[in-house]
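First comes one chain, alone, set out as structure tokens in the form predicted on its own.
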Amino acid sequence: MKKDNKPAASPREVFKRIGLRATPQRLEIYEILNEIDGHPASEDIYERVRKRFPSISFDTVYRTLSQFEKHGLIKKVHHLADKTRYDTNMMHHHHFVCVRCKKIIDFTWEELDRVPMPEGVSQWGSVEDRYVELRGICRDCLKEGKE
């Protein structure tokens, strides 16, 4: 969706390409995903959409996010907290997750990406993707703990 330094296609063009109707609600959710930095929770997206569409249900937002995920526009992020979070950065990357504030930070690790898969992995099936999730305490939380 964003963060790849390419000119973005219009939301209507994106929806047409993947076969989704460009409803006003879907367009708004798509725009919000492009505006929010980080890895928003479905509840955060819902609260922002409600400002423009007060009668929209959480279920509509959640189903729309599921459709976006199904079509490869976003990914669900596995997370320590109980909220479903979404990643709009579709470039290959890894995550650092703060165990205190639950912030998720994207990073790249080219050396790791070049490491060949262990031989035994092929017996489990076909690997489609791989990424690392590092868990620790972010700089901001460390700073707060020292003060």
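Bear in mind the structure is a predicted one, so any value in this text is a computation, not a measurement. One rule holds for the numbers: they count along the sequence shown, beginning at 1.
The protein also exists as the form predicted together with the DNA; that form is not presented, and the subsequent description refers to it.
Contact with the DNA in the predicted complex, judged as any non-hydrogen atom within 4.5 angstroms, is confined among 32-40, 60-68, 88-96, 109-117 to 60-68. When contacts are judged by a 4.5 Å heavy atom cut-off, residue 83 counts as touching the DNA in the predicted complex. Taking the partner from elsewhere, residue 56 is found to have a heavy atom lying within 4.5 Å of the DNA in the predicted complex.
Using a 4.5 angstroms limit between non-hydrogen atoms, residue 21 touches the DNA in the predicted complex.
Shown alone here, residue 10 lies farther than 4.5 Å from the DNA in the predicted complex, counting heavy atoms only. Compared with the form shown here, the Cα atoms of residue 67 and residue 102 sit 3 Å or more closer together in the predicted complex.
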